[in-house]
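Next up: just one chain, as structure tokens, the form predicted on its own.
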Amino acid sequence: MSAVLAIALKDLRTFTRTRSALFFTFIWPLCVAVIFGTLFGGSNQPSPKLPIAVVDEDGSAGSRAFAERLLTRDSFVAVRATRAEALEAVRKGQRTAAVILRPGFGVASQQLFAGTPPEVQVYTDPSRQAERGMLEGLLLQQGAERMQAMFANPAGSQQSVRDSLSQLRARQPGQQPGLEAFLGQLDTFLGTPDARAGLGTPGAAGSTVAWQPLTVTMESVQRQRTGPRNGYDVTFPQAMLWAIFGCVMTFSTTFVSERVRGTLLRLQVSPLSRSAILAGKSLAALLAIFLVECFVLAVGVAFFGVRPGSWPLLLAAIACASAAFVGIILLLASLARTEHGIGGAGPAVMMPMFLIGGAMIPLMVMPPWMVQLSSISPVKWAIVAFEGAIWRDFSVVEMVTPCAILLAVAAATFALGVRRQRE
């Protein structure tokens, strides 16, 4: 065992002294993760247009008109929905908010200055505070546009003002003289040519008019995460595979280089067995891959908001992926007899794996035929295992399949690589 550890430590020291190996296993994967994570929308900044679902529970002419303005407003990407559909869309993250026009909205809209303001109920993800404030402001702005609509149609609005004045006198006779004076003057004003010309609103000297265009009630709907929280949840699993790629090329090249230079032969004529030599080299590669993966993941957690759903499952995925690619290192090293040979054979074998396996194109955006084809690549199963523990919320049972496939790849490639090394 001490001999195996000595060989492993020797290979690890060789690995850390190679600058190109350190760059392609530590720096390059992080560059890939950060650049493409940013391009894929790494942060959760508010969208210029808020995607909302509009529910009209009133069904009146006033509520239909208000809903129609929401659907055509430039600030929103709005769709009509039922209450259940709207709330489900918010839970799944498909919509930022569900805007529900409550029963009685149309009647309240006609009572511009008296009675209860029309009620709008808004359901949002509580973590989206910026969008909540923006949405409330836009709804109040649209509610205030009713005042502008009044002067666009003075004749039609005059009756609404008279109804509001009658209701105010019936409910609170003499208790709000300033508001009564204002409504009286507004009634008179709407009958004048100035109102038809849209010249503004009158005001009563010394009166205070308390007017609220809408009552906006904000409610919370806890979002059910069904996708990555941000772009970095997608790109950091890919970066972990690119770190593995650097380790695979470095250790397979080192193995071939030692065979060409006679170092491996000198080890074989020593008291060490061939099995001990291969075990030591495999242990070095396993430790290097495991530590590099952990390093890339730690950077993602510390600086880019990557939050694994299950640390035990993620560590299990990292261990299985490390074992699979150690076997691939041994197999690659057995395919080439010279350093130039491994320099050509390594990328020729690995790049197609990475291309179809999801390390270049995220699995979630691949066409169906390519997703099926990717199943032949161990890269896919490593990424599925990483994503399953980071943001797909895999259970232990769901994690069994990718991890079992990786372990099967490890067993098959290790056995074939060892056999070829003995030939």
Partner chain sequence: MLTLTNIVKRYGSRVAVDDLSLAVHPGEILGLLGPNGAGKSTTMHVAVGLLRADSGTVTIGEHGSPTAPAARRVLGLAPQSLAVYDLLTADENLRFFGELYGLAGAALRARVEWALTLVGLQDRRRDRVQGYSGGMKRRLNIAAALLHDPQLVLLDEPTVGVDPQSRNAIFDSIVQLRQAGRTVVYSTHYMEEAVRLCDRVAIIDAGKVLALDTVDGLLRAHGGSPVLRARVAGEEIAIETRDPLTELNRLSATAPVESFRVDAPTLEQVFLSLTGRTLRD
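Residue numbers count along the first chain shown, from 1. The structure presented is a predicted model; accordingly, all values stated were derived computationally and were not measured.
Below: the form predicted together with its partner chain, not depicted.
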Partner-contacting position among Ala316, Ala336, Leu267, Leu87 - heavy atom within 4.5 Å of its partner chain in the predicted bound form: Leu267
If contact means any heavy atom within 4.5 Å, which of 136-144, 87-95, 255-263, 348-356 contacts its partner chain in the predicted bound form? 255-263
If you check in the predicted bound form, is Pro271 within 4.5 Å of its partner chain, heavy atoms only? yes
Is it the case that Ser20, even though its partner is missing from this view, gets within 4.5 Å of its partner chain in the predicted bound form, heavy atoms only? no
Even though the partner isn't displayed, in the predicted bound form is Ala6 close enough to its partner chain, meaning a heavy atom within 4.5 Å? yes
Checked 364-384 against its partner chain in the predicted bound form; residues with a heavy atom within 4.5 Å, sequence order, are none
